[in-house]
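Coming up is one lone chain in structure tokens, specifically the form predicted on its own.
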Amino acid sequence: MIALLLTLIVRRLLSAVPILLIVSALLFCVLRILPVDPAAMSLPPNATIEEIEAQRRAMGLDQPLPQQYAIWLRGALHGDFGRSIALRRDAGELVAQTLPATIQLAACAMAIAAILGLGGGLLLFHLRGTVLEPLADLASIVLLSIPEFLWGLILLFVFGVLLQWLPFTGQVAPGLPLPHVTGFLLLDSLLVGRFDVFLSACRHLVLPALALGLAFSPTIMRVLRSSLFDVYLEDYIVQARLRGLSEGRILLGHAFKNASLPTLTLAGVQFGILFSGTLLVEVIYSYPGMGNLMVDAVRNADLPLIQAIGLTYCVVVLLINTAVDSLYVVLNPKLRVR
């Protein structure tokens, strides 16, 4: 089992190398098409033409495009993604500082989406054949049609502005310190014993995480219901009824386990989409994550920072898919045969 998992992980990581190269090359070339001169933007407004040309040579921008990409790739392999034009700081350092906040938000949102999706899927299946089934199906379709940014605006207005129950800007309340141990605020606040910071961070996470969770849960909900319909056609379900097992025990003890496998695959794909979908929600809630950093980088045409963030998104999604595939092998015995 462990050897099979290690083999799978190694294969997926090796197959990710050409994907990363293709994505990085496309991203690099597309950004170079933009009518932006990184050399001029990295210098003061009163810089002379000679200074701009010297800066272009120093940045390798006077070289052909393939050679420019080779220079950037060589630096990226050594952890050097260039220097942010707008912030005057190392692009890799900026990504490393904001990535934990985005992962924390995405993980909380995925937990909410899983709870709502699995619970809603079981409820939809339980209501099959009843007068409430059309209403439940309509409710799931309505939820499915609302994107995450609209949920963000609705929740912000209702719970943040109208009722004023929850905060809707930043990570913690003003005046509270931000402990730095691992970069993950919830974990760091517990490690240093600042429970007031932990509670404040949780309160600030509720609305953005709920907005993302509500947007992605209906898909999980409907796929689980469809999977349960397929599983209930199997012979072992009929045999379980003949043995006198209750419907609840059949559903939770037998059908749910097998129906959850395709749902798990979908959840992994959804997590990758959800991670990249944090961008708009972070902007709405002024959440200091990588999505907010990306918006600022695009607004300032900060090419080195855009490249670093785009490549980071790709790496995280590939790692998520690898983790989901590994978990699928653990849960599905049929895939353990060599």
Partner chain sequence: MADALARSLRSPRVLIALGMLLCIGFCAVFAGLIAPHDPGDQNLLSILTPPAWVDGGDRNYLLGTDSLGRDVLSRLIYGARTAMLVALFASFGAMVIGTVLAHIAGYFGGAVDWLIGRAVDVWMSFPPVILSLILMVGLGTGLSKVILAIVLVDWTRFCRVLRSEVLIVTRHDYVAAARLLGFTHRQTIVREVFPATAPLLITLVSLEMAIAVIVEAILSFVGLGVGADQPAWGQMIADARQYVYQSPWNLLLPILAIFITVTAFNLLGDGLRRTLDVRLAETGR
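Residue numbers count along the first chain shown, from 1. The shown structure was predicted, so the numbers you read here are calculated from the model rather than taken from an experiment.
From this point on, the text means the form predicted in complex with the partner chain, which you will not see here.
Chemist: I'd like to check something about residue 147: if you look in the model of the complex, is any of its heavy atoms closer than or equal to 4.5 Å to a heavy atom of the partner chain?
Modeler: So residue 147 counts as contacting the partner chain.
Chemist: With the partner left out of view, is residue 310 within 4.5 angstroms of the partner chain in the model of the complex by any non-hydrogen atom?
Modeler: Yes.
Chemist: Looking in the model of the complex, any heavy atom of residue 156 within 4.5 Å of the partner chain?
Modeler: Output for residue 156 is yes: heavy atoms within 4.5 Å of the partner chain.
Chemist: Does the partner chain get within 4.5 angstroms of any non-hydrogen atom of residue 276 in the model of the complex?
Modeler: Looking in the model of the complex, residue contacts with the partner chain include residue 276, since a heavy atom lies within 4.5 Å.
Chemist: Sort through 161-169, 184-192, 200-208, 80-88 and report the only stretch with a non-hydrogen atom within 4.5 Å of the partner chain in the model of the complex.
Modeler: It is 161-169 that comes within 4.5 Å of the partner.
Chemist: Using a 4.5 Å cut on heavy atoms, which of 65, 26, 58, 47 is close to the partner chain in the model of the complex?
Modeler: It is 26 that has a heavy atom within 4.5 Å of the partner.
Chemist: May I ask you to choose, among 319, 9, 22, 327, the residue with a heavy atom within 4.5 Å of the partner chain in the model of the complex?
Modeler: Comparing distances to the partner chain in the model of the complex, the residue within 4.5 Å is 22.
Chemist: For the stretch 233-259, return the residues whose heavy atoms include at least one within 4.5 Å of the partner chain in the model of the complex, in the order they occur.
Modeler: If the 4.5 Å heavy-atom criterion is applied to the partner chain in the model of the complex, 233-259 yields nothing.
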